[in-house]
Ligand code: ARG
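Listed next as structure tokens is one chain, alone, in the form predicted on its own.
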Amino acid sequence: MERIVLAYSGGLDTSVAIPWLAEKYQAEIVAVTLDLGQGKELDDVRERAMSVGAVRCHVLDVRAEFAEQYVLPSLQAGALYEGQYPLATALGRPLIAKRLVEIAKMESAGAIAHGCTGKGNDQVRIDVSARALNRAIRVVGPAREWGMSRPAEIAYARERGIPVPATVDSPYSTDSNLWGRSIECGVLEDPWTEPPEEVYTLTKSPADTPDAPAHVELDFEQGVPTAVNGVAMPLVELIGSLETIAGAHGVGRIDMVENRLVGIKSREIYEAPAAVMLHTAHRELETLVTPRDLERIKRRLSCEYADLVYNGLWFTPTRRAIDKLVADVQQRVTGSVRLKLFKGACWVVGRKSPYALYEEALATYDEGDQFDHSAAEGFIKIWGLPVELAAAKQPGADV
């Protein structure tokens, strides 16, 4: 009998996928659930998978691997898709594909499967990543084959006694990990409709947040966040701490219309409290210690890196090459950044580093100014010489 390894989240699509795959392919279904920091969503996940027909369910804690080998490189690269999305869901997909391929080999399975739809980005990320790791693996996407609408999926589940969290009245599709949460479907598909408060679980409404701002100090060592308000902690714990702090102040809500890889625009809602704080702080510290020309090259590569992650191209020479340049830049990114949080906003109010390229003696207009003002006139003349010549020699100029 054929054996298929399924990435199982416990949600509607993958819960329906277990009996659907078993019936269509006459196969044994081995479920795989990765703990990427979803929290309570994993309660009883093994029992749920087995109750709907899986022959086995592997539940693996990969939070540290996810944080250190996927989230951290993306943070250091400054990767925000289209300037906003911190790529929480996108970063989880190559790790999911990697573990599916590994377990398929262990289980002697010839195929892996996932619950991604036929017009989403995640199908590309998992399919491409899996084949980069094993060209011979077969990838099955039940949700892009069966042609069921979301209400039809819910009806299919009810007919077979499959408990699922979604209902016709609350049809949101969500994905969570330690780096953030995505919410789509339902009324959110209308880009003119304000998201109802019920879709948010990590962040308070700004109207309900404290009336006094909070200050948070983040320490970095060579681009790695190491401490919050002077308290050192491992990366997974640090991200969790910032999620709690930022979420309490309404920081981290993102409402955007983005360009999907498959060619359509999509309205997306994200919650990423820790990611917003860390990207804001890291970018500021990197600016403080990096020469202008290198900083601008790095900023351009940040956009390229975000596109690579979003488009499912994690396991590529291009991404690895950018990582090497980013790692070189990070050698100087040591210091502290102080952030202010208030009513959904997060901004930098202080920064310092032993490698800071900011020199107060050169920047000040007060006593102690060490800038050589006498050099300015000659510099300006040489700098402006090409402009002066071009203007004088243009057609019709009065030379």
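Note that residue numbering follows the sequence shown and begins at 1. Nothing here was measured: the structure is a model prediction, and the numbers come from that model.
Beyond the structure shown, there is the form predicted together with the named molecule, which is absent from this document and is the topic of what follows.
The listed set Glu258, Asp127, Glu295, Glu107 contains one residue whose heavy atoms approach the named molecule in the predicted bound form to within 4.5 Å, identified as Glu258. Between the named molecule and the residues Trp179, Phe220, Tyr270, Tyr305, the one pair within 4.5 Å by heavy atoms in the predicted bound form involves Tyr270. Segments offered: 117-125, 282-290, 131-139, 316-324. Contacting the named molecule in the predicted bound form at heavy atom distances within 4.5 Å is 117-125. Heavy atoms of Ile183 reach within 4.5 Å of the named molecule in the predicted bound form, making it an interface residue. A residue is said to contact a partner when one of its heavy atoms sits within 4.5 Å of a partner heavy atom; Leu278 fails this definition for the named molecule in the predicted bound form, lying far away. Residue contact check for Thr203: none of its heavy atoms lie within 4.5 Å of the named molecule in the predicted bound form.
Using a 4.5 angstroms limit between non-hydrogen atoms, Thr89 touches the named molecule in the predicted bound form.
Residues are counted as partner-facing when one of their heavy atoms sits within 4.5 Å of the named molecule in the predicted bound form; in 284-312 only Tyr310 qualifies.
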